[in-house]
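Before any questions on how it binds or moves, here is one chain, the form predicted alone, in structure tokens.
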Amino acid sequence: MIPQYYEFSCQVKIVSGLKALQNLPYEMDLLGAHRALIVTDQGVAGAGLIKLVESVFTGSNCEIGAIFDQTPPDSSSKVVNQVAKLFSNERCDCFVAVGGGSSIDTAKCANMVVTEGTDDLLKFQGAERLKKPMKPFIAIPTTAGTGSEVTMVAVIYDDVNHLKLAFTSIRLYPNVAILDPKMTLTMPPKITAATAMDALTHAVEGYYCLQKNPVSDAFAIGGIKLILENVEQCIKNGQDENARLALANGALLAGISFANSMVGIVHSIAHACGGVARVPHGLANSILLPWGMENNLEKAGAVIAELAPYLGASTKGSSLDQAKACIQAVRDLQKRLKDLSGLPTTLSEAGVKKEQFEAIAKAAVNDGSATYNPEDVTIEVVMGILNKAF
């Protein structure tokens, strides 16, 4: 059914291909920027990927002003302020994030701090609190999962209250997303699996959550198709550039989808697991996805059933039968990925302890993603899912 009203936006220029990274100086020049601050992490730098980025500036009129390579897996406002200070001290004029979701989100938030002239990031928590035009920003993902390169959302860890805080604004969209498979070739099998499941969760939740619309649906379906067709090949042969590029595009399509449709209970619990138990976000989503789908069978079962052909599930029987087949298809995928990469399939395997459940549940019901879930998200519902997924 077409919603009576919806909005859709994706303001990101997408540059995708086997040599897409070479376009970086050109894209900077188009944005009127010539001195970049590279925001990345030690893993990306240690894998030699920053050297690849540095090499494309040879002979151009653009340069790297500074490199920040200390982004942690769960970035904080303290780290954001360090990046913003480096940007100003080194007279940079644009941000280039090279990494996964944490590096991209750190650059987004540092851009907020620089643009707004403040060191108090937390006052911009929530939706559409930004009023000023942002500095030019280019995202180069090194994982195929978060979709942050095409979303208007940033998530930062509050290390005082042990929560993940969301910032949402149309101004947070990067100007350009560059997808180059050589930037993802160094991902080990387990991270490849976890980030792909993160992307699949974006697409599946985005397809049935309350803000879904025909445009976001199309991106979700496209994302599911590319993810499922390529994730296992990327795990078996990480050097397959064509499969890597296809998976990166699948994650991007899923990102465009959920940036507009939003996500639900899987993400609200995953955010809470990350904040309380420090479970990596993609891994938490991977474990929780079938349980979140099951939770929404009563109100969204008919919609979930529509995904059967794309998830490789049975299309026989009633819509409820097909929805349940979709959930089983996800569980079958979980098992295959565990066999291939060792990806955990339970919260206990991910290091969550039962004594953390209450804190996780309290954080989950207050997470913004819970707002968009078809079924009500209560403490009791979350506790039930945690026990099942344990």
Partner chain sequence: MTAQKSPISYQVKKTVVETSLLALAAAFEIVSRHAPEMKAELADWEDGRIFSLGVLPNGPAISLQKKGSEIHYLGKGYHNPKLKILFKNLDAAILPFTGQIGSHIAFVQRRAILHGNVGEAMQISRAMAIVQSYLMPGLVFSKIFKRPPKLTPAQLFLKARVMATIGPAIFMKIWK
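Numbering follows the first chain given and starts at 1. Note that the coordinates shown come from a computational prediction; the quantities given were computed from them, not determined experimentally.
Only in words, not in the display: the form predicted in complex with the partner chain, which the text now covers.
Checking Leu185, Ala302, Val215, Ala127 against the partner chain in the predicted bound form, a heavy atom within 4.5 Å turns up for just one residue: Ala127. Of the residues Ala370, Leu24, Cys10, Val15, just one reaches the partner chain in the predicted bound form with a heavy atom at 4.5 Å or closer; this is Ala370. Comparing 190-198, 141-149, 273-281, 291-299 against the partner chain in the predicted bound form, the single stretch with non-hydrogen atoms within 4.5 angstroms of it is 291-299. Shown alone here, Val231 lies farther than 4.5 Å from the partner chain in the predicted bound form, counting heavy atoms only. In the predicted bound form, none of the heavy atoms of Glu380 sits within 4.5 Å of a heavy atom of the partner chain. Among heavy atoms of Leu165, some come within 4.5 Å of the partner chain in the predicted bound form. When the partner chain is considered in the predicted bound form, Lys362 lines it closely, a heavy atom lying within 4.5 Å.
For the stretch 209-229, the set of residues having any non-hydrogen atom within 4.5 angstroms of the partner chain in the predicted bound form comprises Leu210, Gln211, in sequence order.
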